[in-house]
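First comes one chain, alone, set out as structure tokens in the form predicted alone.
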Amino acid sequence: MKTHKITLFCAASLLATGIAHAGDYRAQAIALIKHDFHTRGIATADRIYEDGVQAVCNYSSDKPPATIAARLQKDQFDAIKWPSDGKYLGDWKSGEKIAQSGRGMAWNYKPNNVNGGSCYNCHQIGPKETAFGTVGPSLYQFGKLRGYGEDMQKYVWSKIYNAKATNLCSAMPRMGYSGTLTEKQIKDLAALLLDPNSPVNKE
């Protein structure tokens, strides 16, 4: 485990340097990762490769040319799978559990296990949680401040399903696009933010 952590740290440093200086550091970093990390369980080796959209963001320091960004962002938006029944909100109580959970996608996780969203790692959400990250904006009182209408429901759904559909180089994981969260889970998270009865909007 210690060796893997050192390898990952070194690789991340090489990747960052390669992006900044456009040298061959990126290839060295990928080679280092490939040497030490192999397919195991559901964690396949192809995870070390970014897709085309992420590559554009990585190589442009998250600032690709506006025309390219607009086209790619539209492609991401057009690929969103909307709720099969046309309803965007589920159960906010289940949404809170999903937001709290960081489980899933590890090598020893079974394909039929339920993944979490790890939302509190980056966001303030509920009023009673005192431990949360600040990488993303605070979502406390989200619906109360931004409204509960269908347009906002659709926006929240799209943001959770694929954040790159509304901000191409967003650091937020593409929860639906990647298959990490199910349709029901996305509904429940949307309800956590947008149900007027959710504690997020009550206090």
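In this text, rigid core is short for the largest set of C-alphas that superpose within 1.5 Å between two forms. Residue numbers run from 1 along the displayed sequence. On a predicted model such as this, the values are computed, not experimentally measured, just so you know.
There is another form of this protein, the form predicted together with heme C (HEC), and it is not shown here; the text below is about that form.
The partner is absent here, but in the predicted bound form a heavy atom of C122, alone among L72, I80, C122, M105, sits within 4.5 Å of heme C (HEC).
This chain is displayed without heme C (HEC), yet in the predicted bound form the stretch 153-161 from 53-61, 27-35, 153-161, 40-48 comes within 4.5 Å of it by heavy atoms. Among residues of the shown chain, A191 is not one whose heavy atoms approach heme C (HEC) to within 4.5 Å in the predicted bound form. V135 belongs to the set of residues with a heavy atom inside 4.5 Å of heme C (HEC) in the predicted bound form. Using a 4.5 angstroms limit between non-hydrogen atoms, R146 touches heme C (HEC) in the predicted bound form. Taking the partner from elsewhere, S178 is found to have every heavy atom lying beyond 4.5 Å of heme C (HEC) in the predicted bound form. For the partner-free chain shown, K159, I160, A163, N167, S170, A171, M172, P173 of 157-174 come within 4.5 angstroms of heme C (HEC) in the predicted bound form, judged by any non-hydrogen atom. Core-superposed comparison between the shown form and the other one: the Cα of A79 travels less than 2 Å.
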